[in-house]
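The form predicted on its own is given below as one chain in structure tokens.
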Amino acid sequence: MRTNIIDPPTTRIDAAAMAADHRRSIRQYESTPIPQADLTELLRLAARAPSAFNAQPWRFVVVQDPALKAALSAAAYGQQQILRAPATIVLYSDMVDALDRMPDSMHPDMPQDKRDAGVESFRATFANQSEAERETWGQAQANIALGYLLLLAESKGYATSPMLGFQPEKVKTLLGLPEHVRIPALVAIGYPAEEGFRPHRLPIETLMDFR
């Protein structure tokens, strides 16, 4: 008898729903470090987020060094969760690298002619765009990976605090990132040392419409 190795859809939905319902931003963390294997697996899964053309323009830098965290906190207007959490993930997008890697990003199971056409279409889409236009597109794609990262961390028992308040140019200089990249968010991650505020959102009825 064939065994279905994939979780039933209801099981997957329940797990995702639980993470979404319980996730909250945490600013106090235990000092316990996160195993590197856990961080690697978390980012592997976050990188499975969908992207147009399968471009995957997101990139991750995991900051754990105390001195580097202190400098990163200073570049983020002194946000203390960077110092308190054992790690902070700097999520950035890099369309220059994504364009260079596109032949490898195209799915290998596609017929060769379709792969070649896909690569040509991808490059043609951005050929006449400015660097700023390309990077704006890449940043929007990277935000999909950000959502995946936050829910995955929650599902694995880690707390997070996404931060949008930082000085991008200082962060780029600090980490030696190319000038053209965009940084959607910094994400402090670790074991929570507080419960944080319970999630509070507007009623869904105020946010949706069926037509």
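Numbering starts at 1 and follows the sequence shown. Predicted model, so just to flag it, every value in this text is computed and none were measured.
In what follows, reference is made to the form predicted in complex with another copy of the chain, a form of this protein that is not presented.
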{"query": "Non-hydrogen atom within 4.5 Å of another copy of the chain in the predicted bound form for each of Ala117, Ser130 and Val181", "finding": "no"}
{"query": "4.5 Å heavy atom contact, Lys156 to another copy of the chain in the predicted bound form", "finding": "yes"}
{"query": "Partner proximity in the predicted bound form: Arg59 to another copy of the chain, non-hydrogen atom cutoff 4.5 Å", "finding": "yes"}
{"query": "Residue contact check: Met106 to another copy of the chain in the predicted bound form, 4.5 Å heavy atom", "finding": "yes"}
{"query": "4.5 Å heavy atom contact, Ala140 and another copy of the chain in the predicted bound form", "finding": "yes"}
{"query": "Stretch 138-158 - residues with a heavy atom within 4.5 Å of another copy of the chain in the predicted bound form", "finding": "Ala140, Gln141, Asn143, Ile144, Leu146, Gly147, Tyr148, Leu150, Leu151, Leu152, Ser155, Lys156"}
